[in-house]
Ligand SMILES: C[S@@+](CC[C@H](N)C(=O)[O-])C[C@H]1O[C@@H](n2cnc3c(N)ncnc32)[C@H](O)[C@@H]1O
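Below, in structure tokens: the form predicted alone, a single chain.
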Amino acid sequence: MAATTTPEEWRAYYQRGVGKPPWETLLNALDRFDADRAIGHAVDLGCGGGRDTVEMLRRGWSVLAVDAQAAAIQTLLARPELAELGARPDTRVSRFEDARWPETDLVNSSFALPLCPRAGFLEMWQRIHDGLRPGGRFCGQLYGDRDEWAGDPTNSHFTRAEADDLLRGYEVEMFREEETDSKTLRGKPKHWHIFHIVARKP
């Protein structure tokens, strides 16, 4: 959204995601931890209104939820599921490329990492890797070079070969390439080129 977006517009934007299910990549990663009978600490980068954060809390994880917009954190903390679960995440208002967090077992970033400018992406990506404990996982999306937003310097887009290079040093447990025409959360048509990823740090 534009830099001039008002707080009310941000709140309306995040409310559109409330009630939607967790993303496939997060569920895939959590199921793998469940199979190992493992529960730990997670960081949700670009948490938005909290559709993924709530699922992690529901499964017993502790979560640090990070988003650049205070309206996202407000939407998350107002979700009735938190009272039902008797659990709350730690929260931080910060652009995720500027955020710091302690060593963790899972970094989730659903459709958020591509919004990091390419100039700072590699440093942030390395920080994600270095901050994962052995056996920890990253799950989320990268945008491909045929995505409609490719060429925007405020975003990051990668060829398939570049995405493969980023995942060196991980055990790739899920990698699904998707190219489709649909709409953004704001209802605008868009051509998407997406890599859906779950990767485990050995």
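Please read all numbers here as calculations on a predicted model, not as lab measurements. Residue positions are given as counts along the sequence shown, with the first one as 1.
One more form of this protein exists, namely the form predicted together with the ligand; it is left out here, but the text below deals with it.
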item: Residue 48, heavy atom within 4.5 angstroms of the ligand in the predicted bound form; value: yes
item: Interface membership of residue 95, the ligand in the predicted bound form, 4.5 Å heavy atom rule; value: yes
item: 4.5 Å heavy atom contact, residue 115 and the ligand in the predicted bound form; value: yes
item: Partner proximity in the predicted bound form: residue 110 to the ligand, non-hydrogen atom cutoff 4.5 Å; value: yes
item: Stretch in contact in the predicted bound form with the ligand, which is absent here, among 62 to 70, 132 to 140, 165 to 173, 28 to 36 (heavy atoms within 4.5 Å); value: 62 to 70
item: Residues in 117 to 154 close to the ligand in the predicted bound form, defined by a heavy atom within 4.5 Å, in order; value: none
